[in-house]
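The chain that follows stands alone, in the form predicted on its own, written as structure tokens.
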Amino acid sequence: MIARKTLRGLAAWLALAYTVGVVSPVEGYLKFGTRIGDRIVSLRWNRIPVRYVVGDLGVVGVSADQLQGAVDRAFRTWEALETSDIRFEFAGVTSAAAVQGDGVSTLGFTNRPDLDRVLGQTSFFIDTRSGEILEADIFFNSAFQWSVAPGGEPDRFDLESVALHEIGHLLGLGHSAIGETELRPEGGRRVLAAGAVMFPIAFTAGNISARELKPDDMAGASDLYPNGALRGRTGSMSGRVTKNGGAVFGAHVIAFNLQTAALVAGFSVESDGGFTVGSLDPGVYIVRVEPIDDASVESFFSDAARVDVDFLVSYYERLVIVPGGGGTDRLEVKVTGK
């Protein structure tokens, strides 16, 4: 992490990468946070709408106008969430490169052949006194072949899908672990299924399925930027994950809605193995706990050494009823070592 002075005070610079087959280290999990005294505060924009500009450079197969169109569609997808008050404002086109710390949130193409696994990257400044996001910049790596075709194109990555993922980071969301991969013989991983746009590894070229938000993405954004409808309608569950009576840090906790089949997840991130899964529709849930094994641990936690992956997939012993506008009793999910 790099820190520097800004006009608003002390700010920190963070960078997050969306990759092909492998995952680069990032800070955070589901929501990013910064420590203020003895509290962890979620990172978010306080000044709404979030203003952004788009670069005026295109690449082979994608013109500057098409870049702007794909980015705009991705922003509108996040903005369309009925349970979130996040809003964006297009502030024009720029010929300037994305420069951290200039006070302008810029999205555009940058040629980075040295980052041969990175499709896109989000960098942003935060005020470490408050957790407010001050600026965010996103680049799409023009070393790859890109497409904006409605149905996708073979051997080209879908720009709108990657933009949707990166804008999730811009909002303050980290990576979701709802997904399934397999190891490639030549190294890295191939995505078999992803239950969230914020899964850290991209589908193969030509795939456009990540243009639509999934329940886990929606829950994360709505938790960060809730509106009145969300507060009264949704609920949450909380508890702790234990193994042999001790706390399990970094376990992936998934809530499965029996009626809608929606998957919303979180992680046990407290010293006692505590977790909270919020923005849940009222209903009956199955709770599953699993180790992080479909992407590198560093994709979710900067303090990876603390994360326990040495346990078997486990389920809470009873169905869990989540009330609207409230929370559950504190659950204890016990797991068994491998």
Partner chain sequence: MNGRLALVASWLIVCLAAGRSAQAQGAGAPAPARVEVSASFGVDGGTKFGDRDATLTANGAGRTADSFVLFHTSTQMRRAGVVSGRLAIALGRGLAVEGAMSLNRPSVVTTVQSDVERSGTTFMLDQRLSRYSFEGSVLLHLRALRFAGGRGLPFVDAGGAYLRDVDDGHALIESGRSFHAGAGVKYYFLARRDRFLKAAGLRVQGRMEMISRGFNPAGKARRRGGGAAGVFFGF
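Nothing here was measured: the structure is a model prediction, and the numbers come from that model. Positions refer to the first chain, counted from 1.
Beyond what is shown, the protein has a form predicted in complex with its partner chain; the following relates to that form.
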{"item": "Close approach of Val284 to its partner chain in the model of the complex, 4.5 Å, heavy atom", "value": "yes"}
{"item": "4.5 angstroms heavy atom contact with its partner chain in the model of the complex for Glu270", "value": "no"}
{"item": "4.5 angstroms heavy atom contact with its partner chain in the model of the complex for Asp65", "value": "no"}
{"item": "Interface membership of Asn244, its partner chain in the model of the complex, 4.5 Å heavy atom rule", "value": "no"}
{"item": "Interface residue in the model of the complex among Phe88, Phe203, Trp78, Phe109, criterion: non-hydrogen atom within 4.5 angstroms of its partner chain", "value": "Phe203"}
{"item": "Interface residue in the model of the complex among Gly195, Gly250, Gly239, Gly235, criterion: non-hydrogen atom within 4.5 angstroms of its partner chain", "value": "Gly195"}
{"item": "Among 179-187, 67-75, 220-228, 80-88, the region lying within 4.5 Å of its partner chain in the model of the complex by heavy atom distance", "value": "179-187"}
{"item": "Within 4.5 Å of its partner chain in the model of the complex: residues from 236-260 (heavy atom criterion)", "value": "Ile254, Phe256, Leu258, Gln259, Thr260"}
